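Provided below as structure tokens are two forms of one protein chain, presented individually as structure 1 and structure 2.
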Structure 1
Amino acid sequence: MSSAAQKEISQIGGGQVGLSNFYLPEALTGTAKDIDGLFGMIVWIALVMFILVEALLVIFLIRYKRKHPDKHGKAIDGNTKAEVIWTLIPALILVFIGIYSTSMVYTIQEPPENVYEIKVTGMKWAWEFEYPNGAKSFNDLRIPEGENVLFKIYSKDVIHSFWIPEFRIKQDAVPGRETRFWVNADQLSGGENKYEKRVICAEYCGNQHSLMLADLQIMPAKEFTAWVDAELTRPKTDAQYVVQANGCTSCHTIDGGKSAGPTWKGLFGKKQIVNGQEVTVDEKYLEEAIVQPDAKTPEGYSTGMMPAFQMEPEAIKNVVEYIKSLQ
């Protein structure tokens, strides 16, 4: 493995990884560390059994190889003692693993009474996070360190799967249902504790599934409280927030792909046929398309598909500038 590849692996999740933890991402919760311990135990048991079986196979091949063409080995069909041994040993191992992991399963499924609830909503193709005071963020999950956090998970459209590798838990987001899991992020020592694009959709949900990523940041409790209070009152006019909050990318791709509406990639400056006439997509056209989408529907697309959005002028301007940047 090259040094560059080793460096890349060591930086996954913002923490150190290596052979000692089977190159898994950094474990950020006590539950994640317990799961790693279970995983490691199973790997070592399987490794020992593999080596034992292969070693016995080689020994028997050498020691009991046929030395005379007319000589046959002793048949052991119906040997009750051998069958009991090779059945009982795996059964005892499975029972041991089952007992060891049962308490862990209950711990994951039953949240403690004192939890901080965050509503998680998956949609094509973004994550919305709503905090108890009503503040919302898109593709930016922040949680307080050292506190019990319960994620209540929903979906606006199709099945998604809410997965944070550093927590070792993922849960489906199913339309019409609430699913959940809880975590308690460890007290961290300094640093930004920010993990870029570590909130992942683990269920294929459409042609932009791979772009359904969010950042995770674990903050000291006081800083988190200040952030979530400020987020409630912050004007939400930046392009990323407006685009995600209104689900624009559900119908408009940003990579040139086909969807229900025209792709935004290369759209600005493009000439389109509208009502039999050639029209150039400029700032004025885009602004009108946001507030009156059926006024100049381009050829090849249907009217009535897009709602008329009422936005602040600054929000519209920022979205137009964003579309202009997608060349």
Structure 2
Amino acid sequence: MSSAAQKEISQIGGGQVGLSNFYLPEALTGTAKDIDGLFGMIVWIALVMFILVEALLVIFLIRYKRKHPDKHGKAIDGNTKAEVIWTLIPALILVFIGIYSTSMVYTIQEPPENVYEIKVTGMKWAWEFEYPNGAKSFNDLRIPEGENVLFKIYSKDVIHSFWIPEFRIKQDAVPGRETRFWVNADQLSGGENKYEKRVICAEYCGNQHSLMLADLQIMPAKEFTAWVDAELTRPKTDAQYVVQANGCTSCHTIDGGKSAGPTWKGLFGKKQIVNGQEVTVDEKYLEEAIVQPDAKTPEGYSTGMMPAFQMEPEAIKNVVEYIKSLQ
């Protein structure tokens, strides 16, 4: 196992993941802790019911095993008192769970005053985050520590679901609708503040649904402000940003996997058949493929799949360099 994977493991639940907390990841918000409280309570009730039923079942099966082939059991066909008891007790328990949960739903739903709003947009297959000053990030969610943050959730295409397990909340991103939830998050324990691939799409949305993941960073407020401001003024021509902003990876993989378009891994320098001729993929080829994709469609793909992109020359150059680096 790589050391990166190892690090991820120790991060889940601050290194405490295991049966003791039912494998729940670390709870980073007050709401998440409340939900865990309810969870614990219901689990214990369920556990008692579970043990009661399973124990009675096993005891009866052993105790009343038939020894004599012709013997009959007792001719008892009911008992009203017993029926009333085992109707009322579960009913009361469930009423209790219902009331407790209901009051909690209201607290989870109502955002406090003074919230910092982040616009979350799901698309096939990436997350876009837009901050109040207009800065945007892709697949990289950063939030200020200890502040009330309200997510307003949208979708560009199909239904997605915006889920962060550490917050214990998800809301679907539904086209034509705004959904929302709010959090006030602490840092991850252990001094780490970056959490890879922990913003998860939970609603099936097609081919690359499984990989619609974003990173989460909970930053000290000052650092965060500096980052958002820098993000706004930063020239947006670096390859990562361009690729995300234009949604390239919804059709191209960078790891050799199959998708709607050719993978970028090993693409540079490859020989392929285009319009019946064999050509070698070089810088010029890639540039043209971005700006005018239908001019040269490689064998196995059809024209009209990829839109023509208008980009600054600097951006194109950076993307080409990026693809070159994926060997």
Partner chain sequence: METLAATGDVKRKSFFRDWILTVDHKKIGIMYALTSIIFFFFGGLAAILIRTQLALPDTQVLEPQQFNQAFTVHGTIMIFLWIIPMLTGAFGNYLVPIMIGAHDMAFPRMNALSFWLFLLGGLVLFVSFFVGAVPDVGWTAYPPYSIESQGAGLDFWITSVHILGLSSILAAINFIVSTWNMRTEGMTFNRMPLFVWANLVTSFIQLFGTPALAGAVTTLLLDRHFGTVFYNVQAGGDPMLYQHLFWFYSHPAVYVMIIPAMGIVSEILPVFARKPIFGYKAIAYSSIMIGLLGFMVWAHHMFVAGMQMTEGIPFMITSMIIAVPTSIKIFNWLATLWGGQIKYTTPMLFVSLGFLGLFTIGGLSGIMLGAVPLDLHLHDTYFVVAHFHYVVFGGSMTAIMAGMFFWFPKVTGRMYHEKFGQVAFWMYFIGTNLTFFPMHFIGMAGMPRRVFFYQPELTTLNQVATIGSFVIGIASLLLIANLVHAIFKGQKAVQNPWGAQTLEWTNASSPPTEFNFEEMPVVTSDPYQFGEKKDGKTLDDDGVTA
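Everything quoted here is computed from the prediction, not taken from an experiment. Reference numbering: structure 1, starting with residue 1. Basically, rigid core = biggest C-alpha set you can superpose within 1.5 Å across the two forms.
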| query | finding |
| --- | --- |
| Identity of the form predicted in complex with its partner chain among structures 1 and 2 | 2 |
| Cα displacement of Pro132 between structure 1 and structure 2 reaching 2 Å, rigid core superposed | no |
| Ile35: Cα shift of 2 Å or greater between structure 1 and structure 2 (core-aligned) | no |
| Shift of Trp44 between structure 1 and structure 2 at or above 2 Å (CA, core fit) | no |
| Per-residue CA shift, His72 (Å; core superposed between structure 1 and structure 2) | 6.8 |
| Cα displacement of Asp294 between structure 1 and structure 2, once the rigid core is superposed (Å) | 3.4 |
